[in-house]
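In the block that follows, a single chain appears as structure tokens, in the form predicted on its own.
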Amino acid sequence: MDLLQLLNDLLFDYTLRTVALGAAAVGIVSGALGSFAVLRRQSLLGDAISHAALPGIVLAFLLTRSKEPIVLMLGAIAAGLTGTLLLIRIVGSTRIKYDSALGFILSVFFGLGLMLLTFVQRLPDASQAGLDKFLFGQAATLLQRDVVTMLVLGSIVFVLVAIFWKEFKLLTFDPEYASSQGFPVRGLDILLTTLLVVAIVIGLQAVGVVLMSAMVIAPAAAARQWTDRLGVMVTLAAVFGALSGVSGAVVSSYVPRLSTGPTIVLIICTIVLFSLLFAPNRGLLWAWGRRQRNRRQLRQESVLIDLYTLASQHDDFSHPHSAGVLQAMNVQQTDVTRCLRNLAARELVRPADDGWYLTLEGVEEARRLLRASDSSGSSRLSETAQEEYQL
């Protein structure tokens, strides 16, 4: 299958287009709102909200006998908010820890939802058919009206985030300062949590109660590896969520009997793994490379200072010394010859017939390192090498 055929299917195939748009909407909204949850260390809150939404969906159907997306979503939002407010109440008025209360809310609401779902499925009529798709998601059943509902709710969420951007930013990073400045921290907290509830509810039909928490956490976790700015992180999380949603829809459409929801989650987890490994500054491979560079720098500085120490015993700093003597002085068992070659490439030392000697630049660099070590109270380490040595 070539790219043109894929684009043609995305644009003109009703089922694939609908599923891809719905999955993209889920990824964008959940990724953006999940950024605030991750930064506020409330990652598991998304899991609790998604599970707590299940009884709301079933109760909304029992009260209205309607399976209209907006009706079921309103029921899910009401149940998710109830669970979240109850969680806040338990943590604020009792000695129960946050994680314990979170587990309690998740299990109780999810158990209630399963019980109600079992009851509904035993009703004599067939109108209740399809409610169980909210457990694991069934993106292939999305209709155009479902996607429209997702887009409308998602647009409302983004408008509110844009309006309260500064307040949410302050609440995320320094709630104590926000409270001291007179901001309604409790109200902002409830509003932000409500938006997170809406973001989660949007994706329940496509991804399901069980896997929805991954769509909240994973895009934000991946985006966090690439930036230290909130605006960039929210944007990247939305992009990663949309990319995983569309990719999951495309892959599942061309592979028989492959569920869309789990495929989306696997793709976003792949993006997280890639980010953890290759993201600049925070990636594991990047950090490994930085540690290797710092170790090489530390070894070279050690050899340079040893050569300076030997040279200072003579009237002429250009007096050569053998690599064997420097190797004997080195307590770190460094490959001194390799270090000398690297120092020579930097024009700090030069080879002679019977050894190595310092250049003028090498003398100045050695003196700078010694002054830096004396002023910091450390033993002949540069600042970057000190950090690496402590690690």
Partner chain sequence: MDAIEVTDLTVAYQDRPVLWDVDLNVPPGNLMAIIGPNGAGKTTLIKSILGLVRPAAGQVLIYGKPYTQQRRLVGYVPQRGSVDWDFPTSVLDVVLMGRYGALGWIRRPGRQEFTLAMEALDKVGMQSFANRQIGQLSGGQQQRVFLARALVQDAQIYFMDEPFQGVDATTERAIVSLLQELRKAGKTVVVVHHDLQTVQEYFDWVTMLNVRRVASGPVAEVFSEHNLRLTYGGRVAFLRTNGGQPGSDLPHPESTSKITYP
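Just so it is clear, the model here is predicted, and its values are computed rather than measured. Numbering follows the first chain given and starts at 1.
One more form of this protein should be noted, the form predicted in complex with the partner chain, which is absent from this view; the next part is about it.
Participant: Assess the spot marked by Ser180, Pro184 and Leu230: is the partner chain within 4.5 Å of a heavy atom from every one of these residues in the predicted complex?
Facilitator: All of them do, each having a heavy atom within 4.5 Å of the partner.
Participant: Sort through Arg282, Arg293, His314, Arg89 and report the residue having a heavy atom within 4.5 Å of the partner chain in the predicted complex.
Facilitator: Going through each option in turn, the one that passes is Arg282.
Participant: Could you check which residue among Phe164, Phe278, Tyr254, Tyr98 gets a heavy atom within 4.5 Å of the partner chain in the predicted complex?
Facilitator: Looking at the other structure, the residue within range turns out to be Phe164.
Participant: Taking the partner chain as it sits in the predicted complex, is His321 in contact with it (heavy atom to heavy atom, 4.5 Å or less)?
Facilitator: No, His321 sits far enough from the partner chain in the predicted complex that none of its heavy atoms falls within 4.5 Å.
Participant: May I ask you to state whether Arg145 is within 4.5 Å of the partner chain in the predicted complex, using heavy atom distances?
Facilitator: Taking the distances in the predicted complex, the answer for Arg145 is no, it never comes within 4.5 Å of the partner chain.
Participant: Is there a heavy atom of Phe173 no more than 4.5 Å from a heavy atom of the partner chain in the predicted complex?
Facilitator: Contact check for Phe173: yes, within 4.5 Å of the partner chain in the predicted complex.
Participant: Report yes if any heavy atom of Leu39 sits within 4.5 Å of a heavy atom of the partner chain in the predicted complex; otherwise report no.
Facilitator: Contact with the partner chain, yes.
Participant: Looking at heavy atoms inside 4.5 Å, which stretch does the partner chain contact in the predicted complex, given the options 98-106, 184-192, 236-244, 81-89?
Facilitator: Comparing against the partner chain in the predicted complex, the contact stretch is 184-192.
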